[in-house]
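Next up, structure tokens for two forms of one chain, structure 1 and then structure 2.
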Structure 1
């Protein structure tokens, strides 16, 4: 039953050799990896204007130089990540680059930030998309959490089906979104050219008395939230069709171009139309309304924007499992993250991401706005570390033309560091939790690593010295009655050794007398030892008896507890039987150095 439902949801299992077919073309990769970055267009300009409007309407012209600065930063990031892609064709996420050049701890800091960040991405995007829906249908407002969690479940299932199927599913809305924003920008420009913009728009360069540097920095850092998601491509190089690094670099460039164009267009139109941020209507919605009026095109743009916000979460579904795989391979996360599922994705990473983000949504009742600054810090810390790592790398390797490359990464590092600091300073109340949480995550990484190393040390053998050694054997069979299961166990035990003893734990004298009489009558050729239990516990006297056996025989014999167990035909029948044998097995296996064997007897009815 369970396996049939799984087959229906996830699809048939795939052979390991099908892995190559799972690789992404550029067109599909752009869809899968850029939805997070591109969806930023839906709120990037708005974030800048929200900060500026605090200084009055005349301040909105500052959105143009700020947007230019953001574009400059985008260009720096793209150039810098391009360099990373060619330097690390196996996958050059911040974790790899930082670990490789700055040491393990720094790498883990970058990796930990990113992992937490991907969970935040899913939670924030799912909540944001749900807000778009509930704005349109206010009577759904009570079900925010349910809708967001449903979206997360759907994304999880899609990703469990596999990367390319997920890509096919996602490509259509992503390209529709890009197309509709391009149509919006072009139509807006044409309209502006013919009929002009808002009359009172402040001219560029107008002096505004109460604009401080702090305000401008805050606006700039807010605008930088449009740049989250840019790192996705460099993490995912192994997912590309060959030649992977070239395809990845081209995809990155395409993404940068599209993002830059859309961001510039929206910011320009917002300025020309004199649009101010409004709690009830997004900036993109206002531009669309000014351009098209509230017609079919307007509603289409709104709908596709909601969809792209949901799909932004999908970027994390590509990146999280890959990054957790890398950390698991380096023994900083449980091995379970290394297992490829039936459809060749890293199922455990996908499921973990889904569960963690759903819990986050539930914990915040779907109101995840306060998580956004945290989420931005979580991106810019690894950005900074990754660039710093690249700087060190150029300095060390000094390939031809390294100075130019070093310069690019230096500018990038300084910029992202500055932005990180601006975030921390301007939004400390939302961000402080990262300074508690990240050290805990790193501590967990190190604890896991230590455990794996200790385990490997303990289990390692010297191939030339440690050889099997032969010993005798003592078998103890706990019995509760004379049954066919006991008969089978005794047959088995006597086939292995003559050193077999049956143990019976009795609670009252009459029971014990009956059992002894029956055993004597049966006479299976094995001695029955009776233990009396005044506290009606089977475990305590049994363990005491085994202690004695160990003390007497452990030096010369392997000691085996052989448990006769009948297995019911249907699982629910098991509740009709006291599962003493399960307790005995679990307890002994965890506490004693003896072999625990079970002789199953399968009931047919």
Structure 2
């Protein structure tokens, strides 16, 4: 039943030889890896206006120079990450760059920041998409958590089906969103050219007495939330068709151009139309209503905006599993993150991301606005470390034309460092948790790495000295009755050794007398030892007996506890039985000097 449901949801298993078919073209990669960055136009301008409106309506003209500064930073990041792509074509982005040039701890800081950022990306995207739906249909406002979690579950299942299949599914709505925003911007510009804008819109340069540098920096840092997701292409280079690095660089450039155009257009229209933030209606919703009215085009734009905000999470679903694979490969995350699933994706990373982000949405009741600054800090730390790492790389290797590349990365590092500091200073109340959470994440990385190192040290053998130790064998079979399961176990045990003993734990004398009589009548050729338990405990006398056997025979024999277990035909039938054998096996597995084995007997009815 479970297998059939799994096949229905994620499809048939794929052969390892089909891995090349999972590589992405530029068109599909742009949709999958740019959905986060492109979707940010739906809230980037809004984040700027939310800060500026605190100084009054007159201050909204400052959104234009702030948007220009954000575009400048976008250009720097595109150039910087293009250099990273060609320098580290194996992928990994900021984690690999920082680890290679700045040391393991710095690399883990970058990698940990990105992992947390991708979880926040899914949570924020799902919540932002839900906000777009509730803007058009306010009566759904009370169901935001259910809507967001449902979308996360759907996205998780889609990504478990494989990279190319998820890309095919996502490409159409992503490109429809781009087309709809382009139509909105062009239509808005035409309407402004013919009808003019909002009458009360302040002119550019209008003096606003209560606008401070602190406020402008805070608005700029908020607008930089539109740049999250830019790094995803450099993380996911292995997902591209060959030549992977060239295709990744072209995809990154296309993403930057589209994002820059859409962000500029939305910001200009918001200014000309005098749009101000509204808790019940997004900026894009207000622009669409001002341009088209509440007609078919308005609802289409709202619907496709909601879809793209949901699908923005897919960038994280593409990048998180690859980054967690690299960390697991370096032994800083569990090896389970290295395992490819039936559809050749890193399914454990996909599932972990879905579960973590759904829990985050539920914990914040779908109101994740306060997570956006933390979300932005999570990506600007890796931005800064990546640029600094590339600076050190150019300085160390000094290839042809390295000075120009060094200059680009220097400007990028200083800019992103400034943005990070602005976020920390202006939004400390939202981002302080990062200073607690990130060290904890890094501590977890180091503890996992230490465990793997210790395990390897203990398991390692000296090929010239360590040889198998040949001993005899003593087998102890716990029994509860004379059954076919016990018969099956004794038959198997006697095929290995004649040194077999059965152990029965009895609670009262009448039970013990009946068991001894039945065993004597059966006479399987194995001695039955009876243990009396006054407190109705099976484990206590059994473990005491095993310790005694071990003390007497461990020097000459391997001690094996062979547990009879019958397996029911249907899973639900197992609930009807005590499963004492499972309990005994689980308990004894912690006993380091004995071997615990199970002999199953399968029931037919």
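Residue numbers count along the first chain shown, from 1. Here the structure is a predicted model, which means the values were calculated and not measured. Think of the rigid core as the biggest set of C-alphas that the two forms share within 1.5 Å after superposition.
Working note: structure 2 is the copy from the form predicted alone; the remaining copy is not. Once both forms are fitted on their core, a CA shift of 2 Å or more is seen for residue 469 between the two structures. In this overlay on the rigid core, residue 564 has a C-alpha that sits 2 Å or more away from its partner position between the two structures.
Once the rigid core is overlaid between the two structures, residue 525 counts among the residues whose Cα shifts by 2 Å or more.
At residue 553, the distance the Cα travels between the two structures is 3.7 Å after the core is superposed. Taking the core as the reference frame, the CA atom of residue 495 shifts 4.3 angstrom between the two structures.
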